[in-house]
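Before any questions on binding or motion, here is one chain by itself as structure tokens, the form predicted alone.
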């Protein structure tokens, strides 16, 4: 092999025969993750505003890129939601739903408007009915809708909040020719953002009429509202100071409450830490930081003077601001699926267009738990939903139980893990533990399916290839496209 050849490094991290093996590695790595032997506290109800969830388990907002081109749920969308309804989690955080067609991250994303409202209402009813069919009275299952604007990652064209000297180079305005954002590319104006505020109010009212228990004002994963939080270099009333950067979220919270009162619970899934951008090492394919300027005023929750270290002062302040404004539930997440996926979802194997993890996945899990604990312990009266569990496979509930016992979080939820194992709560109810042969193995086939498309309208639906035979066949169909990318 020549010196210039690419040597892809493959490493197997999850090799534990039992919980003691996992505990030993946690100790050897010097991490703070604790694993409980028995699951008890997670089965206790949790109050959210004027409602109560029957247990402390949740499903994260997992979309399947499988809706119709006009934004309605398809049979696959319904199948996924029914599996969540039947799974036993009492907090079902409904998937990313675009507030406008231009705000979609992909052509097959769910969209909320007057045309799609009836079909979304049917989806919600079917989900609740399925839960009731299996578990009895369903008043204790809390179902929400995540309202999203994809911003920089809108599938038709990037809609950006500010110029990012690192990420602009990898944000494509023409995906087929792989042309990055040019220097004269416009940012969204203050007037455009004001109009978007009003659109959020319109769709929030519609979601309330449809019957959702809560709406999530999505501020995570470097989509538009998350990007606004980091817009320190933006001029005008939506950029610069913390007050300006939180103006958009403060305005829509206030406007929604003025229109619907307290009947609709307000929630937000937020990035507590954006991190910095990574790229594959050309020799090993292991992720390495892209050239990062210091100071670094381009990431929310990032220490400007010492990137990529976290600085939790603003995330803690934001959560307090939202709580005081009437938000009753917060979901803590981090990272960008586009430029540092190992931060948001620690993985065993990357998707085909990704890089090998630059850190042991347990380090990423520990980061999730620590930063989420910072938020929960700063605001002990506000239920916080934790993220970053799926890589732990069948030990998700052991880690979650320990975190709840220690006051580090109130809800434990899974995202990718729910695609593989939607009934993980039901099994834990019945046997006290999760089944290893049903758990997510974090090898990123679900992400690969989302990325495999011949054109903007040909979107492969996403699901768990190893655990769901239906998606194994879809992956086979997508392999030709994947190898061409």
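Not measured: the values here are computed from a predicted model. Numbering follows the first chain given and starts at 1.
There is also a form predicted together with a small molecule; it is not shown, and the following applies to it.
At a distance of at most 4.5 angstroms from the small molecule in the predicted bound form, none of the three residues 72, 124 and 207 contributes a non-hydrogen atom.
Contact with the small molecule in the predicted bound form, defined as a heavy atom within 4.5 Å, holds for exactly one of 221, 104, 152, 90, namely 221. Comment: the small molecule is not present in this chain, but in the predicted bound form one of 344, 315, 383, 287 has a heavy atom within 4.5 Å of it, namely 344.
In the predicted bound form, at least one heavy atom of residue 388 sits within 4.5 Å of a heavy atom of the small molecule. Contact between residue 446 and the small molecule in the predicted bound form is found at the 4.5 Å heavy atom cutoff. Taking the partner from the other structure, the small molecule in the predicted bound form has no heavy atom within 4.5 Å of any heavy atom of residue 329. Residue contact check for residue 269: one or more of its heavy atoms lie within 4.5 Å of the small molecule in the predicted bound form.
Of the candidate stretches 321 to 329, 93 to 101, 288 to 296, 353 to 361, only 93 to 101 has residues with heavy atoms within 4.5 Å of the small molecule in the predicted bound form.
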